[in-house]
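We begin with a single chain expressed as structure tokens, specifically the form predicted on its own.
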Amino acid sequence: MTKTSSSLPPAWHHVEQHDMFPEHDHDDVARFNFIASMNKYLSQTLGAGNELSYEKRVLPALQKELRREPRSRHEIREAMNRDPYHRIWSAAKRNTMEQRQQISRSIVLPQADALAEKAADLIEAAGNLELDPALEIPPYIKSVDHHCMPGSYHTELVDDDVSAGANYDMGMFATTGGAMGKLTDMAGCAVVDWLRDEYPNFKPKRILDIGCTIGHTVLPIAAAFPEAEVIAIDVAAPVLRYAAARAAALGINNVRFVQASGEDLSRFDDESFDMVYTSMFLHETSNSAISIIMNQIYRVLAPSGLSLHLEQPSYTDEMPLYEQFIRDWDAHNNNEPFWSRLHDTSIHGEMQASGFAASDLFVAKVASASVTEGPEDHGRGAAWHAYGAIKGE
């Protein structure tokens, strides 16, 4: 059967070519297009074969072996990891994650010095970056090459390095098959749309983004509230430099990028923000860090302020065990060690422990208008579960 164009991800050259974006050529575009198409094919077309293998072959054998039904995703994973179909699929999917990093790094690293100089000029003109060389990188960041990215977010290869940020910016379009838009900013756009629908009179004066990476989520929010003072923090200098330069290149001038940890917001006064949010950040922290971060958020959030956390859904008793297993793939195969533990954690429970009342809490679906019905790519589509709270007076 011939594939139609609608079954393919958008061509990679549709990514936004802002002034900070690395230079690339025809061959680079071709490699990214291949990886984007392979990702989508593995996740959707071939991914369906995992469930079929489970239902037809793995589950009956597991029931016979256990003499009962499986009771956890861990039992399912152990059995699926012995299944030939899943082993081949998983190896291929892991390989595309590694290739995505290799492609963008092969483009970015030869330009590292030039990109650093360009970023320095943009940052100097904008004055929108505050670094802290004394900041200690948390162990949950410095001990892991997150999603197969060598050196993770924080490793510096040249003076004033921005290569980790440039790598991230180039590759996310391919990793997500273009689902996050030309600027990989669909999470921020979705938050803005959700706020306009649910809280049309909400006009925050100060906004804090924790774990901002390259600022791809914060910029649409900053643009939607141009009168607000917006602060975006991260622990990693290379992505922050790139974020600040990228914001300047895109003409968003009400965001200040600050090197700081979500575990220590002591530089900010009590009740000094009207909105504090994270976007796909909590799963890259740790069991102890999440409690500290929530305590810090509660302290700096003003009464009637909004705390919002975009993640994928927690593993509850209502979620089928097979779905928990397939959602857990990144934890075991894509260098996301806290992914599994976070999704066993009650985010609302952590928020209540920090001081939010049960009546303050809500769960919402925050999704891009571009999301259409079809097979889910479990964590890479433009749709999120939002765990939130409006702080009581």
Partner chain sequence: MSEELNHLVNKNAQGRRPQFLNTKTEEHLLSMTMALMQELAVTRERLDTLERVLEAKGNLTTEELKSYRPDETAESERQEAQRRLIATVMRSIEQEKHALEDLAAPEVSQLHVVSDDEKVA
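Keep in mind the model is a prediction, meaning the values are calculated, not measured. Numbering follows the first chain given and starts at 1.
Another form exists, predicted together with its partner chain; not displayed. Remarks below refer to it.
Asker: With its partner chain left out of view, choose which of R73, H216, H283, R105 has a non-hydrogen atom within 4.5 angstroms of it in the predicted complex.
Answerer: It is R105 that has a heavy atom within 4.5 Å of the partner.
Asker: By the heavy atom within 4.5 Å rule, which residue out of S53, T345, Q352, N333 makes contact with its partner chain in the predicted complex?
Answerer: If I apply the 4.5 Å criterion carefully, the residue I get is N333.
Asker: Honest question, do R267, T278 and L308 all end up within 4.5 Å of its partner chain in the predicted complex by heavy atom distance?
Answerer: Spot residues vs its partner chain: no contact at all.
Asker: Would T176 count as touching its partner chain in the predicted complex under a 4.5 Å heavy atom rule?
Answerer: Output for T176 is no: heavy atoms all beyond 4.5 Å of its partner chain.
Asker: Using the partner position in the predicted complex, report whether A125 sits within 4.5 Å of its partner chain, counting heavy atoms only.
Answerer: Outside the cut-off, so no.
Asker: Does the 4.5 Å heavy atom contact test between R68 and its partner chain in the predicted complex come out positive?
Answerer: Answer no; every heavy atom of R68 is more than 4.5 Å from its partner chain in the predicted complex.
Asker: Find out whether any non-hydrogen atom of P110 is located within 4.5 angstroms of its partner chain in the predicted complex, and reply yes or no.
Answerer: Within the cut-off, so yes.
Asker: Work out which of the listed stretches, 28 to 36, 44 to 52, 58 to 66, 359 to 367, brings a heavy atom within 4.5 angstroms of its partner chain in the predicted complex.
Answerer: Residues of 28 to 36 come within 4.5 Å of the partner.
Asker: Residue by residue through 138 to 176, which ones have a non-hydrogen atom no more than 4.5 angstroms from its partner chain in the predicted complex?
Answerer: In sequence order, K142, S143, V144, D145, C148, M149, P150, L157, V158 come within 4.5 Å of the partner.
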